[in-house]
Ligand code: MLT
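Next up: just one chain, as structure tokens, the form predicted alone.
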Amino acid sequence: MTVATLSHAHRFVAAADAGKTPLLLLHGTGGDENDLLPLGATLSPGASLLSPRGKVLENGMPRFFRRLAEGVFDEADVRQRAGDLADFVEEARTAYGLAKPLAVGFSNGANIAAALMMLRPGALAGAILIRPMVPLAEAPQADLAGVPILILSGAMDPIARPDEARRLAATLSESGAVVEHRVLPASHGLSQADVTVASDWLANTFAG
């Protein structure tokens, strides 16, 4: 396992199975580059794992972009940070010899992954968005033709409500992405159902 900086502090786990799509792991508010490594290893055993730390601090807690209040995003910052993250992905691909990664984002990490796909649609091979919200009020035109995206909402989630995730799914679908949206019996936290559904989707979508 590599601990490194590039333009983002991050951890990198080299592939044991070079045929698997690398995973870009994007933590939620207050997480860091270590948080989602176990999830990544569970979802796709043997895949390369690239896990950056968000560069924004909110009361000492790392995030990937600023917000003005709960559920109110600083959209100028979203755009800047999504571009920065896309640049980091390109740096890391060069540094580690990686194929285009699949993003696995939770909460704030899911939101920045969605923004990255809207703003830099060629950066990712697809995404698993767990408890996302709509990151940009006016989505830019993006060509996501054929890009696979799984959205996982919690039916009892008071923060990232399923109806907002449906809006995000519709926006991404309109850009050509192949979107599957599942509403699971969960709240905002990660559940075993998320792991099971995401693992199955990943195995079926990126088989071989």
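Computed from a predicted structure; not experimentally measured. From 1 onward, residues are counted along the sequence shown.
Below, we turn to the form predicted together with D-malate (MLT), even though it does not appear here.
- Of the residues given (L119, A86, L136, M133), M133 alone sits with a heavy atom within 4.5 Å of D-malate (MLT) in the model of the complex.
- With the partner omitted here, the residue from R182, K55, R67, R166 that has a non-hydrogen atom within 4.5 angstroms of D-malate (MLT) in the model of the complex is R67.
- When contacts are judged by a 4.5 Å heavy atom cut-off, T29 counts as touching D-malate (MLT) in the model of the complex.
- By the criterion of a heavy atom within 4.5 Å, F73 is counted among the residues contacting D-malate (MLT) in the model of the complex.
- Contact annotation for M156: none of its heavy atoms lies within 4.5 Å of D-malate (MLT) in the model of the complex.
- When contacts are judged by a 4.5 Å heavy atom cut-off, H188 counts as touching D-malate (MLT) in the model of the complex.
- Taken together, R11, S48 and S51 are entirely out of contact with D-malate (MLT) in the model of the complex: none brings a heavy atom within 4.5 Å.
- Just one listed stretch, out of 144-152, 58-66, 174-182, 38-46, contacts D-malate (MLT) in the model of the complex at the 4.5 Å heavy atom level, and that stretch is 58-66.
- Interface residues of 93-111, taken as those with a heavy atom within 4.5 Å of D-malate (MLT) in the model of the complex (partner not displayed): S107, N108, N111, in sequence order.
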